[in-house]
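Two forms, one chain: they're shown below as structure tokens, one block per form, named structure 1 and structure 2.
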Structure 1
Amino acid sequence: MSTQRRTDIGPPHYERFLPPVIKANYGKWKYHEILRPGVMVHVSETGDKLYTVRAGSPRLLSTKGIRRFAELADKYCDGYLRFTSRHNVEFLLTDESKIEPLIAELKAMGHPVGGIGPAISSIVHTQGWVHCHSAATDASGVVKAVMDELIEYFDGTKPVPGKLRIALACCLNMCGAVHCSDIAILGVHRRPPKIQHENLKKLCEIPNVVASCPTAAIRPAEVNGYPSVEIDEDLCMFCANCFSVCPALPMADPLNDGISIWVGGKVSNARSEPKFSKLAIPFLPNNPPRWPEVTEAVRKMVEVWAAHARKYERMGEFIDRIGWPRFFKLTGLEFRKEHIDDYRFAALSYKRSAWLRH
């Protein structure tokens, strides 16, 4: 090819992909209503209506899967569709009569419709064993198992008090930024790095490795004649930041890797300020292919929330109202030493009043 190489052109302009009804009503939307699980209508000041049908997707899509979405968009939406920040696919319709047949076809293809409003939406997640070097668990497999378990909360079969957002990250790097989710599923390592002394100098810069440790557990050392490092294992909190800068310090370990569960975070400003998720379960084993301990724990927490929370209450707001001791009691979760923070500003999380329920 002799054409000039194009660079730094940026993404295609979004206006090329907006359906005519959106172009005509851009910035003029007046209100919306949720018509049924997974279906909403936006009404414009001009009176125009735009229907959205939201369907679940596995995030990991083949080109064949994407082409099937494209065909549906051609058939029902003049070729227009979008994806959401939580990996759902949304079909944009102007003809209300096409909603039913579209939903029927989506369901026949195995894509449940739902996830709008008070419901559990798709799980934001990471790559896991499919494609990541630092994963402490798989991502897609755990997500599939959990969503199979919670499908009735996605498709509206079981009503819930408010929104519930689940996210999964397969290690503390948190490409899935799970730290502000109603329920966060987080892969964890529990064994300090196994130092490959013979490779370390070849693969890593020792000063960088030493500097990478937030607890200063790593020191330069000569081991068996190799310039390497030594690690004070008592100081290791398994963040794996050293592994990120040095491949000769692998953290992954089948006997000790697994999953921790966190609850009560949110990003929306509605009613209460955004907040971090807090530790619910310090460790559950990796038990592929269906991670029954994880799905059971998540289901239990969802059920407690669904049964006891007030309308609109997110998981964290619900727990703030009833208190953490009662949350542990209702869920039957064990409170352990690991639940008490011991990193920066830990004391801010201690109970500093006599406000207790007895």
Structure 2
Amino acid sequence: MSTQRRTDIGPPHYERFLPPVIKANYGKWKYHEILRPGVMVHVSETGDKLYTVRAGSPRLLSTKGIRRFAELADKYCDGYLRFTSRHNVEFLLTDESKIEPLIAELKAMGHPVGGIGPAISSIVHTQGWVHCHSAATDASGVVKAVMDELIEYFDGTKPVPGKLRIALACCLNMCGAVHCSDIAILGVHRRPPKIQHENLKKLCEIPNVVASCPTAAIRPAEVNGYPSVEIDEDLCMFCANCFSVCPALPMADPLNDGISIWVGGKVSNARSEPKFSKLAIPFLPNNPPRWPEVTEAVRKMVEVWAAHARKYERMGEFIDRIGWPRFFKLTGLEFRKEHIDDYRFAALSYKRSAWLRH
């Protein structure tokens, strides 16, 4: 019996979940290489090999779908699999002969294999309309439409110069942290909350509503002889914090809610420092179920990058090399007033040189 105390405080130690081949070769891996799209091998100093098969997976999985993955893991890799931070599922094998049968079963289930190395990986995204009360757009629907359009860049049918990471957040609160992605799809509200004065006096505590606003855009007011609130539209940043504490301040607006697209961000330190994404398209309409305007815009950006970028060059590095004016010209983007940075500290990020590359 182990003398180590076990408590319910904190997460269990990660070693408990490592496959035996990883635990036996921990710290001894010599190199890895990509054998084909979606298949990678790690080779140890001991000669052991670990094969990884990556397949695209939806972020929202049913218990039936998880059981199917678990059955494949039991059948081909002693029960071991993992999910990546971008919603891919990876099967960890030690028997090379099982790779092809596993891939065949995954494809039969509708899960394409790919996304390793120079490729587009699955899109990481937030909740969207399916769950989040502050969403300005859907998440799963947009992601499905975009990845259906770009699937050949995931499964290796069409080669790309390097990695491309796409992310989606369904509102400006960005719980999906899309601000450091090659292409960021971001839901935007364009109007402040609608005040339902009759409901507000029954459902909400006015001090809590006022305190919930991070920009002090909400203040107490009297409407028709009853206590209520008013909103300074110039201060509102559409965060929906007020709606979180008061159902009488809904944000959803079918006409004015939509999607913006940002480009050029990355987390990686390779070749250049990490970058924030910058605005490319201020607004595209919500047009479910296939969001044609969004898929067309994203595909155009990917095609321009794939055709003109150098080997291993990320989207932001490619734009820095050719310059934003040429990127806008190649992609057919329109320069609009929203591209002008009016943030009070924006001078720190302004391009101060008169030299532009075309």
Partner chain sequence: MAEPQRNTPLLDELKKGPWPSFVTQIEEMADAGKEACDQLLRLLERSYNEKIGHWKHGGIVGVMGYGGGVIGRYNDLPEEFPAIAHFHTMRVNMPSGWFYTSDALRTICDIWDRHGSGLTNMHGSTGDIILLGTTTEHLEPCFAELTANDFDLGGSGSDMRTPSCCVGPARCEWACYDTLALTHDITNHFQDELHRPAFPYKFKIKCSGCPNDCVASIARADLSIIGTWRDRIRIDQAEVRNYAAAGLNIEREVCGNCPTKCIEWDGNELKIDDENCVRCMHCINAMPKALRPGVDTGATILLGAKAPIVEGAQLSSVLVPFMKIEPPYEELYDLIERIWDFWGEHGKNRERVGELMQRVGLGNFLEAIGVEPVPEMVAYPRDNPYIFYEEYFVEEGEEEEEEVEA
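Superpose the two forms; the largest set of C-alphas matching within 1.5 Å is the rigid core. None of these values were measured; they are calculated from a predicted model. Counting starts at 1 with the first residue of structure 1 and goes up one by one along its sequence.
Between structures 1 and 2, only structure 1 derives from the form predicted in complex with its partner chain. Treated as two rigid bodies, the chain between the two structures differs by a rotation of the smaller body against the larger of 16 degrees. In this core superposition, P220 moves its Cα by 2.9 Å between the two structures. With the core fitted, the CA of V245 sits 4.9 Å away from its counterpart between the two structures.
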